[in-house]
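Just one chain follows, in the form predicted on its own, and it is written as structure tokens.
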């Protein structure tokens, strides 16, 4: 059994710029899901020059990472996860390769690598801590959460988990549909660190399983349309006092079963 406390949250989605805004919206059942495909991350911790140069996907991931770490806790490591990477940037690169290959931008290529957001975060946080960038398709969220839990269990130091994907672009939408931007970050710490924080208990199980959908039906379009939004049930559980549970598939006939206990 792997355990961790959730010490910090970050979230950015269309119409909801930060985690407190999401909490306010979620608790008002009369409000519909915000419309649109694009989120508006502030990425305030990026230097002005980098903020102008960094692509939207990087700003989105860095923004939620910054939100999750504003409570005074420093992460001893980070796990970044994206199913598809920066699809808009990749679409531009592939289109340029097909039409005018000598015009490929070195800056675009630099930002197309899968660990671009993790690299920017290391610079922003002035951190030499190890980072992991995972790409496991639509099942990557479970693997990323498992990786972060294992790191907390190994070193008993806070670990940052960032899951983000941006809306599809161009022809890539036919192969890897992603309806809208969504990013979420969790700062996970050791069980004994903060008894007032939500406690996660996780275990890998063998057998068929599907990702648990959100309890709030309004969230289902995001949950079904963006792989990073598969973490929404965990966020819901952390905001609801009591004990809840959900599962995330890991592939190859295994799943990650999570029990979340939130103090009153």
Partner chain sequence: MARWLYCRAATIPSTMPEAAVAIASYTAVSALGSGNAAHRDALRAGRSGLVPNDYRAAGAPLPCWIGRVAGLEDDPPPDVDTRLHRLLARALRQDQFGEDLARTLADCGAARVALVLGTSTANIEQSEQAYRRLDDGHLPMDLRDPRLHHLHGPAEWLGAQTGIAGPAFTISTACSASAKAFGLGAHLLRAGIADAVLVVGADSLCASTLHGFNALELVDASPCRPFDVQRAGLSIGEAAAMAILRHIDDAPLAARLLACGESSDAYHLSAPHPQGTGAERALRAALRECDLPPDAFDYVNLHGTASRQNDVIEAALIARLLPRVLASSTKGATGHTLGAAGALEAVITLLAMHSGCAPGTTGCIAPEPAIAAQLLRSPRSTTLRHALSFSFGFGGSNACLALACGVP
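The structure presented is a predicted model; accordingly, all values stated were derived computationally and were not measured. Residue numbers count along the first chain shown, from 1.
Absent from the display: the form predicted in complex with its partner chain. The rest refers to it.
Remark: none of the three candidate residues (25, 42 and 48) comes within 4.5 Å of its partner chain in the model of the complex, counting heavy atoms only. Interface residue among 29, 35, 217, 206, judged by heavy atoms within 4.5 Å of its partner chain in the model of the complex: 206. Though the partner is left out of this view, residue 253 does reach within 4.5 Å of its partner chain in the model of the complex, counting heavy atoms only.
Among residues of the shown chain, residue 174 is one whose heavy atoms approach its partner chain to within 4.5 Å in the model of the complex. Although the partner is absent here, residue 91 is a contact residue: one of its heavy atoms lies within 4.5 angstroms of its partner chain in the model of the complex. Remark: residue 152 does not count among the residues lining its partner chain in the model of the complex, judged by a heavy atom distance of 4.5 Å or less.
Counting a residue when any of its non-hydrogen atoms is within 4.5 Å of its partner chain in the model of the complex, the hits in 79-98 run 83, 84, 90, 91, 94, 95, 97, 98.
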